[in-house]
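Before any questions on binding or motion, here is one chain by itself as C-alpha cells, the form predicted on its own.
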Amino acid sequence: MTRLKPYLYVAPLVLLLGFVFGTSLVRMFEFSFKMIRGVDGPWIGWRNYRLVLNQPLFWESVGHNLQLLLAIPILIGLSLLTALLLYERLRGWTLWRAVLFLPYVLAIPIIAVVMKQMFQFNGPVNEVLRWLSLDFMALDWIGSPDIALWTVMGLIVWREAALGTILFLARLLSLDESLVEAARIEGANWWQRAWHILIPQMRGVIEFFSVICVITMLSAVFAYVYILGGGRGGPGTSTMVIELYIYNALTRQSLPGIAAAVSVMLFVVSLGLIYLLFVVRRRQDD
C-alpha cells in the first residue's frame, strides 16, 4: 500500500487528463475513417487517407516541415553556445540572461506581428541595410516565395533558442565546478573546458531539447506561418505547413474527415520520431 500511495495522489489528475485528451484522440481517429457531415457521417474506410496522399499540396506541406527540421542543429548549437558564454559569468550576465529569455515569454502572435512589420520590403531591417550600403542584402523577406520559409525558420530559431539557453544554463549551473577549476589550473582553454568537461555532462538535457525541437518543427509552428504567411501559407503556398493544411481543411474547406486523417498521420509520425530518439539514447547508454 505504501508503494501505491504516491500514485493514488496523482490518479485523479491522470484520469482527468486521460478522459479529456483520450476522448479527443479516439474521436480524431474515428473521424479520419468517416465522411463527416455536421457531427457525424458514414464510415468510408481509408478513403480520406488516399485523398490526402494524392494531393500535391499535402506533400508540399510535408516538405516545408522537413525543411524546418534543418534548423534543429542550428538551434541546438546556438543555444549551447549562448549558455556556455553565460556560464562564464561575464559582466552583466544576469541581465543578458533575462534579455535572451524575453522572446520566449512573449506570445508568438505578438512576436510574429512585430517581425512581419520589421521584415517588410520597405521595413526597418531593409532600411538599415540600405543605409549601410548593403542594398544587395535588402531582400523581400516575407513577400518572396523563395525566402519566406527561411524567414519563418529564422524567427523560430531566434525565439526557441531562448528556451534552449535557459535549459542548458540551468544544467551547467548544477554541475560540480571543481572539475572546471581543475582544468583551468592545468591550463585548459575555454574551448577545451567546454568540449571535454561541460558538454559531455549535458548530454541528457541536449537530447531532451532535441526532442522538443523535433516536436516544435513538426507540430508547433502554426502561429508563425499563419501570421507571417497572411493566414494562407503565402506568398502562394511557400509557407504552407501540415498544421495550416489541417486548419484550412477543417475551417475553410469544411472537411473534418480530411483534417482528422492528416492529424492522425502527424500524430503517428511525431510519436515514431520521438521513439527513435529514445531508442538511440538507450543504445548509447548500453
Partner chain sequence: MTNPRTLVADGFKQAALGAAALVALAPTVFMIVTALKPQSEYMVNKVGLPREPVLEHFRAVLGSPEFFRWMGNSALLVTGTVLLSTAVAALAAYAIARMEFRGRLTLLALCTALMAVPPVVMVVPLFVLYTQIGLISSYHGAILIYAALVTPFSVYLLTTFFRTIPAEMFEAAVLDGAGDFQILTRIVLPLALPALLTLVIVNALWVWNDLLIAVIFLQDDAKRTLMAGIAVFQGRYNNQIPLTMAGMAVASAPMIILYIIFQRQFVRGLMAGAVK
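Only the largest set of C-alpha atoms that superpose within 1.5 Å between the two forms is called the rigid core. Numbering follows the first chain given and starts at 1. Computed from a predicted model, the values in this text were never measured in an experiment.
Quick note: we don't show the form predicted in complex with the partner chain, though the next part is all about it.
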Quick one: does residue 28 come within 4.5 Å of the partner chain in the predicted complex, counting heavy atoms only? yes
Using heavy atoms and a 4.5 Å limit, would one call residue 103 a contact residue for the partner chain in the predicted complex? yes
4.5 Å heavy atom contact, residue 247 and the partner chain in the predicted complex: yes
Report yes if any heavy atom of residue 132 sits within 4.5 Å of a heavy atom of the partner chain in the predicted complex; otherwise report no. no
So which of 52, 62, 227, 217 reaches within 4.5 angstroms of the partner chain in the predicted complex, heavy atom to heavy atom? 227
Within 4.5 Å of the partner chain in the predicted complex - does that hold for a heavy atom of every one of 16, 98 and 110? yes
Which of 69-77, 196-204, 119-127, 133-141 lies within 4.5 Å of the partner chain in the predicted complex, heavy atoms considered? The stretch 119-127
Relative to the partner chain in the predicted complex, which residues of 64-92 have a heavy atom no more than 4.5 Å away? 82, 85, 86, 88, 90, 91
Large Cα move at residue 185 between the shown form and the other one, threshold 2 Å, rigid core: no
Comparing between the shown form and the other one on the rigid core, is the C-alpha shift at residue 99 2 Å or larger? no
On a core-based superposition, does residue 132 travel 2 Å or more at its Cα between the shown form and the other one? yes
